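In structure tokens, one chain follows: the form predicted alone.
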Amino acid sequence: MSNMKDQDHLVDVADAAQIERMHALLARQRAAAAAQPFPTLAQRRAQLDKLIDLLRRRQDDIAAAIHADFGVRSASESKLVDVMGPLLEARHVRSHLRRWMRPRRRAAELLFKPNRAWVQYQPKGVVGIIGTWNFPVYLTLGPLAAALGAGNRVLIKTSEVTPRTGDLLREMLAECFSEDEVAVCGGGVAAAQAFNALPFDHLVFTGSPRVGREVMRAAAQNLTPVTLELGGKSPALVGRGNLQDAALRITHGKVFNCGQVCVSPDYALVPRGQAQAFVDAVHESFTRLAPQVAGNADYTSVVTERHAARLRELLADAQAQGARLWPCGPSDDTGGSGRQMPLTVVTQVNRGMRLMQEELFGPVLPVVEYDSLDDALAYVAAGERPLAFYGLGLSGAEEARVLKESHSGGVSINDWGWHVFQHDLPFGGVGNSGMGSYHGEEGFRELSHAKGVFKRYRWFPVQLFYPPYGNLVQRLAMRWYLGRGH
């Protein structure tokens, strides 16, 4: 017991040190932002070039650190998403930055023509980024690229679930940036709560809706604007087209990172009478993509035993309520960890089951049968608005209805998740799945202040609108815009 108390004390001391460091870093970055409030295009591009070069040079270190944190993490998946993802985003920002930074001309009201009006995009100052564990580099350095492009200083909080990757990020970014430009903090729950409460000029958080509410509540004390990417139960709507192809795409969404993806298909909607055929097609697809589960270096494990235990509890709860479980392979019991879990398809589900209420974030795929597109859309609309919506094998008319009649953060047609990798598209949620975005031009705008500017030419007689009221110009303007009244 005394050892446990000592460990708790050490954790408290470590978090206290992190909290003290956070406050010092924020003060330092605020001072730097005040000294140089508007970095030039060349300075911003130079920072993005450093980030791109860093990702290329340290790609193997990144893959190794994430593998160590997960137990098993596919090196190919790490390089594809956690290295290539932020690299592509930084390249996209760099190539479009000149145009994004230009002031945008706006029209002055007719009464005030030919005076000038425009929008000036100004750095907000210091942006806080709270990273997450499932893609600990992409979902940290992606927002960083947007924030640097917008000319901000950045303070990062890494996840305690992936400490080795957090340590590597701190080391890597220190190679390229001074701490008044970019700095990384670690620590546990207490440090995260303190980070949320710092008076940033903007805060970006990636995580669950539950924690997102806490982040937003803490940020509200400082009136800090937030960008929240929160996930949710993203549906995959299977049409009456190619069932095999739809099953392959959805299965890949559950195999990739072992389903620990905020935009992973959370459940499948299939036409009534095709559930068993869909289950068989998913099983075949899983065997093709992951012919071996235990010891497969390309099949990522569930990140911790606590996360794996939760998934088992969800399956047990569903089975106890009458659901049928269709495992696509044997569990990894060889080493006792059981964290390389095969995909389990679940049929005969209902909304009362926990797996139909909670975001799954793992290799579990419930199947819901529907009679018509109206039924499917109504089923989705009855839940919280998801981060993503997938339509597979739909007709053109059905696709149009999905896009117009459903709400989601983003959509991929005939596949899953790849809309997130298109860095010219905004990425973010809606409703319960989040707010704001940090990809593309929308990300630059999100992390900039759009300052409205009006410039009066010196000769323009604006004093004609001064009191005393009732002169001819005022009367004519009132008559023109307001009419005679009653």
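For every residue, the number given is its place in the sequence shown, counted from 1. This is a predicted model, so every value here is computed, not measured.
Just so it is clear, the following notes concern the form predicted in complex with a small molecule, a form of the same protein that is not shown.
Undergrad: Decide yes or no: are 159, 189 and 206 jointly within 4.5 Å of the small molecule in the model of the complex, with each residue judged by its heavy atoms?
TA: All three within 4.5 Å in the model of the complex.
Undergrad: Have a look at 399, 214, 384, 179 for me and say which one sits with a heavy atom within 4.5 Å of the small molecule in the model of the complex.
TA: Of the listed residues, the single hit is 214.
Undergrad: Just to confirm, with a 4.5 Å cut-off on non-hydrogen atoms, which of 274, 357, 193, 115 contacts the small molecule in the model of the complex?
TA: If I apply the 4.5 Å criterion carefully, the residue I get is 193.
Undergrad: Please determine whether residue 227 contacts the small molecule in the model of the complex, using a 4.5 Å cut-off between heavy atoms.
TA: Although the small molecule is absent here, residue 227 would stay clear of it in the model of the complex, with no heavy atoms inside 4.5 Å.
Undergrad: Does the small molecule get within 4.5 angstroms of any non-hydrogen atom of residue 130 in the model of the complex?
TA: Yes, residue 130 sits close enough to the small molecule in the model of the complex that at least one of its heavy atoms falls within 4.5 Å.
Undergrad: Is there any non-hydrogen atom of residue 70 lying within 4.5 Å of the small molecule in the model of the complex?
TA: Taking the distances in the model of the complex, the answer for residue 70 is no, it never comes within 4.5 Å of the small molecule.
Undergrad: Even though the small molecule is not shown here, does residue 361 get within 4.5 Å of it in the model of the complex, heavy atoms only?
TA: Yes - in the model of the complex, heavy atoms of residue 361 and the small molecule come within 4.5 Å of each other.
Undergrad: Looking at heavy atoms inside 4.5 Å, which stretch does the small molecule contact in the model of the complex, given the options 294-302, 70-78, 214-222, 120-128?
TA: Selected range: 214-222.
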